[in-house]
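Shown below, as structure tokens, is a lone chain in the form predicted alone; questions about how it binds or moves come after it.
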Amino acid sequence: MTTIRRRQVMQRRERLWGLLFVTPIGLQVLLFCIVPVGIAIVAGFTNWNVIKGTYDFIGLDNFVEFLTDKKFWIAAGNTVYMLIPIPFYLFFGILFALGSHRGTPGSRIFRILFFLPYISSIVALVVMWRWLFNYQYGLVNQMLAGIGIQGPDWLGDPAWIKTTIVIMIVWKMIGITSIYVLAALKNIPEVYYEAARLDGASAIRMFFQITLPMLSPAIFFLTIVGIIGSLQTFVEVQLFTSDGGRNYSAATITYYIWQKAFVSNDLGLAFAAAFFFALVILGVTLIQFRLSRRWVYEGE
């Protein structure tokens, strides 16, 4: 067998083994991603109702129905409100990561304590926060009463329920954010700082001219993940409120979709809203990637 022939046989075997190894993952993606998404898109154009067993094609009626539903737009406004935590936990995450990176005393214990909320059960966290922010016997209102301030009804007042959820999300996400930023800090070459010190650069200038630009890829990743996660806020709303809160004050689009699918049993409308919302998230993500060219450092 010639050398060329032997090489061709080896390349063929490598391709066959490669296909064999990726087949399980390919089947998983096909069965649990592509097929369900395809079914959901098609179902969005039907009046699929599990209880009645109907699934007649109705065109764009589902899209017209939820786009003219007042509750959907209230949920859309609440969903945008859930983006508020992102700059806050990014700021504190960077701040804590800088403190840990410079060897602040007790930083290891501090990182563990702040990372615990992220890995803890969301149900346990919500139960704890419902106790803290309870209007009658909550610790927060008791502390406010101690200084002569009447605490609001955090969980019942439509003006405060979203703020309570936002505060909890900020508290929960600071730890994981600081871990990501700390990992990025450790990858910044020390030679950049040595050169800056030789040029007489101050600590503030080194932060804005070296540290922040080098952290921009990590910040961009955390921003993208944060936006997608915040737009899909659901569990907190479901556990903090009943039926989306008074006047639908805390319901998000994801909660609206869940309610239509599993409370109203209108799967067709739920799939249509989900498909529309997925396109919105995709559009926002693409815009972020486009804007990232202006501020994310991509290296030499």
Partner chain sequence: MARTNTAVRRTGTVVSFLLMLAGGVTMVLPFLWMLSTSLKQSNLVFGPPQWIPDPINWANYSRIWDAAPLATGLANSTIVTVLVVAVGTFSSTMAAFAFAKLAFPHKRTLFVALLATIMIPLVVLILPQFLVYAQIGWIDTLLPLIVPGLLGNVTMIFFLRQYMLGIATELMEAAKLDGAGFFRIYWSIFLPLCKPAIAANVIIVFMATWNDYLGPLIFTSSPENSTVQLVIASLNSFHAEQTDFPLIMAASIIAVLPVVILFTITQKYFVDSFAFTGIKG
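Positions refer to the first chain, counted from 1. No experiment lies behind these values; they were computed from the predicted model shown. Heads up, when I say rigid core I mean the largest set of C-alphas that superpose within 1.5 Å between the two forms.
The form predicted in complex with its partner chain is left out here; the points below concern that form.
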Verify the flagged residues Val80, Ile86 and Ile227 against its partner chain in the model of the complex: is each one within 4.5 Å by a non-hydrogen atom?
no
Considering non-hydrogen atoms and a 4.5 Å limit, which listed residue (Trp73, Phe207, Trp160, Phe110) is close to its partner chain in the model of the complex?
Phe110
Residue within 4.5 Å of its partner chain in the model of the complex by heavy atom, from Ile149, Val123, Leu212, Ala195, is Val123
So in the model of the complex, does any heavy atom of Leu116 sit within 4.5 Å of its partner chain?
yes
Quick one: is Leu67 in contact with its partner chain in the model of the complex, heavy atoms, 4.5 Å cut-off?
no
Leu60 versus its partner chain, in the model of the complex: is there a non-hydrogen atom within 4.5 Å?
no
Give a yes/no on whether Gln28 approaches its partner chain to within 4.5 Å in the model of the complex, heavy atoms considered.
yes
Within 185 to 224, which residues have a heavy atom closer than or equal to 4.5 Å from its partner chain in the model of the complex?
Lys186, Asn187, Met214, Pro217, Ala218, Phe221
Cα displacement of Arg290 between the shown form and the other one reaching 2 Å, rigid core superposed:
no
Would you say Val22 moves between the shown form and the other one, meaning its CA shifts by 2 Å or more once the core is fitted?
yes
Compare the position of the CA of Leu279 between the shown form and the other one after a rigid core fit and state whether the shift reaches 2 Å.
no
